[in-house]
Ligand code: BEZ
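Here we start with a single chain on its own, the form predicted alone, put down as C-alpha cells.
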Amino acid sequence: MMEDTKMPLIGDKFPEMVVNTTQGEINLPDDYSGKWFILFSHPADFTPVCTTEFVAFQQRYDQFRELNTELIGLSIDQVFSHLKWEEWIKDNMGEEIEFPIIADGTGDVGKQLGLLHTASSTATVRAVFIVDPEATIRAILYYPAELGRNMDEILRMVKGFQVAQKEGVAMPANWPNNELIGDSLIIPPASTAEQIAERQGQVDRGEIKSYDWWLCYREQ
C-alpha cells in the first residue's frame, strides 16, 4: 500500500512505485532509466474525450520514441477494462495502442501523484507528467474534463526540454515559430558587467543577435 504523500512538484524526483499495467508489472521510474517518459491520467475508460486522446497519442507514438520518450497511460479502471477498451479502439478506430496503461483500481497511484479529483476519492483528473532520463519531473499539466489535450504541444515540450538541456538555452514563446525570432534560441541573460561587454562583442562579431544585453539569441 502506497502512502498518501504530498504530490510531487516540478523539479522533484518521480516517486518510486510498482504499478500493474496492460503490459505487466512496471517499476517506476527505474524501468525507464535513461529514457524520458510521459505519464498521463484519464478519468475512465470508454469515455469520449479520453478515447480521442489515446488515438492521438498512439498516432504520434513513433515521434515520441524518436525523442527517446515513452508513454504510460493511467486510470482507476482494472486491466481487463483497459484491454477491452484497447480492443474497441483497434476495432473501431483502426489504432492499436502500443503503450502500457496503469490499472490504479485502489487509487494509490493517483493519491501519490495528486491525481484524484477533490469531488471524488477515486476518479483521476486529466493530468500529464513529463519526466526526464534522471527521473526528474520537468513539467506537470492539468486539463479540464471538457478540453482534450494537445499532443503536438506535449511533443513540442519534450523537444524544447531536450534542446534546452543540450544547448544551455531557453525557448521563446511558440517556439519554434516565435513571432520575433522564429526558431532561434534565447541565451541566458548576462548577470555581470563583464558578461554584458562579452555579449556586445558577440553581437559585433555577428555570433549572436540582440534586442538588448538581457535579450540575446542565436540560431540553432
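Start at 1 and count along the sequence shown; that's the residue number. Please read these numbers as outputs of a predicted model, since none were measured by experiment.
Absent from the display: the form predicted together with this ligand. The rest refers to it.
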{"property": "Among 176 to 184, 31 to 39, 152 to 160, 46 to 54, the region lying within 4.5 Å of this ligand in the model of the complex by heavy atom distance", "result": "46 to 54"}
{"property": "Touches this ligand in the model of the complex: Ala145 (any heavy atom, 4.5 Å)", "result": "yes"}
{"property": "Interface membership of His82, this ligand in the model of the complex, 4.5 Å heavy atom rule", "result": "no"}
{"property": "Arg126: touches this ligand in the model of the complex, heavy atom cutoff 4.5 angstroms", "result": "yes"}
